[in-house]
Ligand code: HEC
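Given next, in structure tokens, is a single chain: the form predicted alone.
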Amino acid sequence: MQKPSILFTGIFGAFAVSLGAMVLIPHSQLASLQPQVQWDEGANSPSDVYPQKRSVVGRDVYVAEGCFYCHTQQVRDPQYGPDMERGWGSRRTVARDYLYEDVPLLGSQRLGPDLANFGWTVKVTQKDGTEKTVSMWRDEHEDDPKKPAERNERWIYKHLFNPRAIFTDSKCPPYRFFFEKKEIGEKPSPNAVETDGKFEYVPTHEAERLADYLLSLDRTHELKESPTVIKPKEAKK
């Protein structure tokens, strides 16, 4: 009669300890975080650098399609992995990076690359004095044939339509249902990903909003508790 009670007590105790260590203690430490005025950083509030409202529809599409199962949104400290060397960000992510997210999409696996800073860009001065916005996410070599000129909406559409056309070993499934087959009119769509001369595949509203959401992801600004570790390489002028 005593053995079942001991077993039950052990199971309950393990559950209670796990609940306290993984839920209750982190909740007590982080639940009260609120936007604050950062006078020592020269900023009026976190809303100056954190978008309070990302593309809601795009985020919903990201969640509905389970993108967070294969992609994380958390750049690790250099001592824990080469995330920054891969060009996924210039510093580690911290709790304050998720101030305006009800449910942070941290992810737990990396079958695909981290997307915390997919929309990371810098402005580079050209020889003629003009400025050009350059995508900084991913640290491919300049001579890499797979390195795109720019990771913009069109690149995202092509990747969604047929990932293996860009990366032959990609594990990402094609999302062709995000595209609508239309007859080409007088003026072909600039966002068409494929055409046979008569018909073209153009992104749907969901694909456009998903692209908007991905391009809004940028947490590379420096914070007091998380200074920039790896300075972005200056893009070719």
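Residue numbers run from 1 along the displayed sequence. Everything numeric here is computed off the predicted structure, so don't read it as measured data.
What comes next is about the form predicted together with heme C (HEC), which is not displayed.
Stretch 151-159 is the answer when you ask which of 74-82, 97-105, 151-159, 125-133 has residues with heavy atoms within 4.5 Å of heme C (HEC) in the predicted bound form. Residue contact with heme C (HEC) in the predicted bound form: Val193 places no heavy atom within 4.5 Å of it. Of the heavy atoms in Ser170, some are within 4.5 Å of heme C (HEC) in the predicted bound form. When heme C (HEC) is considered in the predicted bound form, Leu214 lines it closely, a heavy atom lying within 4.5 Å.
Looking at Gly119, you'd find every heavy atom of it more than 4.5 angstroms from heme C (HEC) in the predicted bound form.
Heavy atoms closer than or equal to 4.5 Å to heme C (HEC) in the predicted bound form belong, across 110-129, to the residues Leu111, Gly112, Pro113, Leu115, Phe118, ordered by sequence position.
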